[in-house]
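A lone chain, given as structure tokens: the form predicted alone.
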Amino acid sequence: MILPIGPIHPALKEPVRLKLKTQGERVISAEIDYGYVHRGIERVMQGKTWQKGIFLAERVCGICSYVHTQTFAETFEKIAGEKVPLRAQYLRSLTNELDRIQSHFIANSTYFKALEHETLFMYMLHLREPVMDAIELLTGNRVNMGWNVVGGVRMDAEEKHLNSIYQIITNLENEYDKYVEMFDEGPLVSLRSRDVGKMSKKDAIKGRAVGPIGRASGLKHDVREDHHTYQDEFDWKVIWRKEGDNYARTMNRFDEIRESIKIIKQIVENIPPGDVRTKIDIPAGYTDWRNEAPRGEVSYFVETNGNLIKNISIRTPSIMNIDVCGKYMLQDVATVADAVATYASVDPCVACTERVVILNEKGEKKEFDGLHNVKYLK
């Protein structure tokens, strides 16, 4: 039988429809339907200056909003052939790693909620809260930070705030291991996670899985390896695993949090003095740039007409990761409950993934030229 879940369902944090093909309780295969929350941000950006576009970029994703503004700004800086001051690079990396930690905590909390392990679910949110406080100390806001500008960051960080962030991270590091141990050694969560929702390295490559999802299946790649600040300034390593199941995806995020803590400590201890912003004139041009978001590679393709955005395309990591979940992880899963947990283990972000195709009456692709076309949305 076909068992539909969603698009509105308590197990899903955002609207998407899972169509599970089942035999008894066993899930044989699955399809995932999108199209319920498309917002057209790329289209809205066209014709706007970068000063307006960067605030829209921040609204692509509500959980990892920060990396979108950094990638947006660095794409424009690449078009101009400029780099920002080193202190600004450190402050960007500091915010990026704090944002990665809070995002990984909420991803794992959602997975534990799907397993109905309320205790670990609440502990993850408890650990996330001081990290959100650290982000607020640094930028003045918790989610939409307005922190990046083309040429650097909006304001400098005070020494007392950096010291407070160091203390928050140290406290987190001291408290962290016992909760990871609860997951790693707990018989209930272990039974529900190991060998469930497996994806092989070969399938991860075929489906272009990225971020912790690809790395948990053996893909040893992190876009931070290609970023000049991470290459030149910090001692860190790529976290990856071989198992490819729900357990590996969750543990990969836990281990990446440890690596982010290590990077943050290096930043606070070694941040150089100097400017945090430089004036950059944007010429007409086209280029692309990519960064490692908490969920994986996020890519921006921008064409400018001087200071105006002529065209922009944004590829978010959940596009590939939700796709491989439907194709490979949700094949031959023991129970429907395990299928829901497997979907949660991917840390899907539907809102930043949504795309639409406008078709004419014959089913041919059509350019969007007004809302009168919405009757052909598919």
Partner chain sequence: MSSLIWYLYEFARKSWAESFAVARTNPEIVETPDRFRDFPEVFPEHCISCGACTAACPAPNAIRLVRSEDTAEEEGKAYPVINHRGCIRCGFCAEVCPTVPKTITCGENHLIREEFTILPTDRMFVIDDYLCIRCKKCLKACPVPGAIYEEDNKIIIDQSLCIGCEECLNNCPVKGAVKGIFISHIQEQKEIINLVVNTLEESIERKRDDITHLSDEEVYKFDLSITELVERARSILANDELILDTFQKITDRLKLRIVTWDEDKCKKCRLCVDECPSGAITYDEKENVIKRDTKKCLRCSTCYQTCPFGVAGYFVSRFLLDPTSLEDGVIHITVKASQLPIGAD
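Here the structure is a predicted model, which means the values were calculated and not measured. Numbering follows the first chain given and starts at 1.
This protein has a second form, the form predicted together with its partner chain, left out of what is shown; the following refers to that one.
In the predicted bound form, its partner chain sits within 4.5 Å of a heavy atom belonging to T139. In the predicted bound form, its partner chain sits within 4.5 Å of a heavy atom belonging to V149. For Q46, no non-hydrogen atom is located within 4.5 Å of its partner chain in the predicted bound form, even though that partner is not displayed. A residue is said to contact a partner when one of its heavy atoms sits within 4.5 Å of a partner heavy atom; R194 fails this definition for its partner chain in the predicted bound form, lying far away. Against its partner chain in the predicted bound form, the set K113, K178 and K265 makes no contact: no member has a heavy atom within 4.5 Å. With the partner left out here, its partner chain still marks one of 335 to 343, 50 to 58, 29 to 37, 311 to 319 in the predicted bound form; by a 4.5 Å heavy atom cut-off that stretch is 50 to 58. A heavy atom within 4.5 Å of its partner chain in the predicted bound form is found for exactly one of K160, K242, K202, K237: K160. Put simply, of L219, I257, I169, M145 only one has a heavy atom within 4.5 Å of its partner chain in the predicted bound form, and it is M145.
In the predicted bound form, R277, T278, K279, I280 are the residues of 267 to 285 with at least one heavy atom within 4.5 Å of its partner chain, listed from first to last.
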